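Shown here is one chain on its own, the form predicted alone, set out as structure tokens.
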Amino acid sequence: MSESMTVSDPSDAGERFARVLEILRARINKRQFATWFQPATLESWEGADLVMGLPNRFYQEWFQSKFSELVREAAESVARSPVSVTFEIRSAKTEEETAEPPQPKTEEPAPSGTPTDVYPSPFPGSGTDDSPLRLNELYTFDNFIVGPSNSVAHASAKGIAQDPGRAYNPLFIHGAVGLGKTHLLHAICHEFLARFPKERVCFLSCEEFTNEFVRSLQRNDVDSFRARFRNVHLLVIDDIHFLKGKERTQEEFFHTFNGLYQSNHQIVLSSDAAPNEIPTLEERLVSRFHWGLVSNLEQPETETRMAIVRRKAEIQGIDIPNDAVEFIAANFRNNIRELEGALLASKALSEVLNLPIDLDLVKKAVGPHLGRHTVNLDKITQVVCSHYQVKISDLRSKRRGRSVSLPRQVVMFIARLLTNLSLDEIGDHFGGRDHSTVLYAVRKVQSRCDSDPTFSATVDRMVDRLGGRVDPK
């Protein structure tokens, strides 16, 4: 945003956003609008940048794949100028303020392609009662490719599924997005239920746990909540880092943890960060998470990535030659989702062109994504710190001097250019800074790029070193 551009008045932004929703309401059917757009909120609309808030990662991915162009067109018809639309997971509020996202009506069928098994029901089940768990049938130990980067996590997960509540309690699995944490959690539940079919299992996301607790407070029925979660034999919670900043939910989970642990019932947790790296997590919870085993999932090595591509191709019924497998494994290093995305993009192009998958077709299918998918936040931080001669630890500290704040802002700016990370995810990398801080940094650097050619050229060079091809202007 240029320095001459003024920030829109918030009330004016709200009025424009309301008009956008009215346009969308007229363009899609009533039930679809209620299901998907009713939970959407306006985070900000400043200049040409519209940021919509959504309740969770599933909504975010669905909007990006299904509604991105529709929303942009509606916004541009209201603004009468080009608009950039970003979908962010809504900023977490205190538990008392957190409302459950509106749910589709029971008679409303799930839209085609909706992954209904991403998270099981938050209610306990054994697979045999009225509230069965919804597990992804492909997420088993047999389908999990084991390599040096994940062998410890895999072995410990299989061990606790076979002999729960003993050696590794709790089991805390952490790692970056897309490295297989959720796969292992599903696999644990599959194995556990196969061995102990009458035992009670509860598998849910931390966000769902929080929402359930909030509802129990609103209904003045905390006792039922406690009975539901403290009387299971296996409690599995995905994305436990969602507890950060939620003091009352942390207090409740602390007592839930103690009750299960003292009964020798197994607890399994996953997180994007190690326990002591989760901002504002109470020390007593950090300590308890270390009582069992804390296992890290790292980025898979080349051989492991190749094996993953082959297994995914086998599951999808895709015939792909070795040189194409090697190309995908060599160019998509960050996580398993990227590998699967490259494989599916190749399959889609093969079907459109009615051609077999070979190396040339794979290059054509994934070529536009290479610059964006091979850069991660750690690599960006290293390049920027090397240029400005500052320590990475300084950028993650509370220091605000110009020698530290400028490179920190540049990292945030480049991360928005070259990665798919949300503002909150970038902020977490720098000690839990909120999305508004990151958004300010991005706009600050953009403004300086617009007015200072020398600075803009400097940013260009760093982007080039990272393999990006995006003009900061």
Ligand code: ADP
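Note that this is a predicted model, so its numbers are computed, not measured. Residue positions are given as counts along the sequence shown, with the first one as 1.
One more form of this protein should be noted, the form predicted in complex with the ligand, which is absent from this view; the next part is about it.
This chain is drawn without the ligand; in the predicted complex, the residue among V152, A167, V177, I318 with a heavy atom within 4.5 Å of it is V177. Checking M306, A273, I145, V85 against the ligand in the predicted complex, a heavy atom within 4.5 Å turns up for just one residue: I145. Looking at E340, you'd find a heavy atom of it within 4.5 angstroms of the ligand in the predicted complex. With a 4.5 Å cutoff on heavy atoms, H233 does not count as touching the ligand in the predicted complex; it lies far away. Taking non-hydrogen atoms only, Y139 approaches the ligand to within 4.5 angstroms in the predicted complex. Heavy atoms of R90 never reach within 4.5 Å of the ligand in the predicted complex, leaving it off the interface. Of the candidate stretches 308-316, 190-198, 395-403, 344-352, only 308-316 has residues with heavy atoms within 4.5 Å of the ligand in the predicted complex.
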